[in-house]
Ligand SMILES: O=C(O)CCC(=O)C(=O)O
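The chain below stands alone and is given in structure tokens; this is the form predicted alone.
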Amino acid sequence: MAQQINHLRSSDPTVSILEVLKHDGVVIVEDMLDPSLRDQINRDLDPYMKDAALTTPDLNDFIQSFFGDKTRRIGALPAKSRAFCDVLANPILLGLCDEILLPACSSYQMNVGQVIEVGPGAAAQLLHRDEDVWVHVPRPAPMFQVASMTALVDFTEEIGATRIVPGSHEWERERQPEAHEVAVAEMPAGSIAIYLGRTIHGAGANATADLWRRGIHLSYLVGWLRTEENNYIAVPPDVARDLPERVQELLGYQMHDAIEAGGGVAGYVELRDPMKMLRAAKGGVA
């Protein structure tokens, strides 16, 4: 029998969601986006997705194959959809990050916010661990990434729902999953599959003839690592200054202050806190 992923609801206590996430390495939380928020995000993104390319010439052949030739992607989401900021700063997601990431940092940040549309006929993606982007972090290491996939349409196996391997966050790195260990993150639109950076997963194959599987890949990273997406260019100061303060912090404009742990500060500009500079640019007190 194939593996199953535990489903909870957004009304469940965050501590219960955290318990499943730590034990299984993945949890699906339903009703995370109300229909009006989900619809607004889709409306905001529709024009960009229509023009998104299926290939990216700057990528090498392996990465292009990994991303897929029937899959569309766009980033810089806070600059494209204010509604996305409600997902980025979702209190359940941030509560989980507080518990999982803060033991290893003084603050965390958005690593990548990307819409992924898996198109008809797309092959299944290579199963992988997201944290393998940072190959230079010595292992074993504390948990330094929390990731998620938000369903903007109903996720079914036929349409290419994400394949995830529960429990793989605790495996030896050389171990590969057998077919029966791979679960399919089927979930209704508005749900979020939350998983740890070392949990094995990958997009499924889209076996439909005309349906696109649209979801948001959002991940959070400890504040002392370089993010996959360059958020300062994707969401520059003239855009970021009008966003909610918590979103500005999550985009990396907040300094990483580790003085209490015997370290220093990182991320300043002309020895100033970028957050104060954003407030001053908006007409507030610096």
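Since the model is a prediction, treat every value here as computed from it, not as a measurement. Residue indices: 1-based, along the sequence shown.
There is also a form predicted together with this ligand; it is not shown, and the following applies to it.
Checking A203, A183, L93, I100 against this ligand in the predicted bound form, a heavy atom within 4.5 Å turns up for just one residue: A203.
Only one of R241, R38, K70, H217 comes within 4.5 Å of this ligand in the predicted bound form through a heavy atom, and that residue is H217. Within this chain, M149 lines the site of this ligand in the predicted bound form, having a heavy atom no more than 4.5 Å away. For the chain shown alone, A193 is not a contact residue for this ligand in the predicted bound form, no non-hydrogen atom being within 4.5 angstroms. Contact between Q125 and this ligand in the predicted bound form is found at the 4.5 Å heavy atom cutoff.
At a distance threshold of 4.5 angstroms between non-hydrogen atoms, I116 is in contact with this ligand in the predicted bound form. Stretch-level contact analysis of 100-108, 126-134, 84-92, 166-174 against this ligand in the predicted bound form, using heavy atoms and a 4.5 Å limit, identifies 126-134.
Heavy atoms closer than or equal to 4.5 Å to this ligand in the predicted bound form belong, across 154-193, to one residue only: T162.
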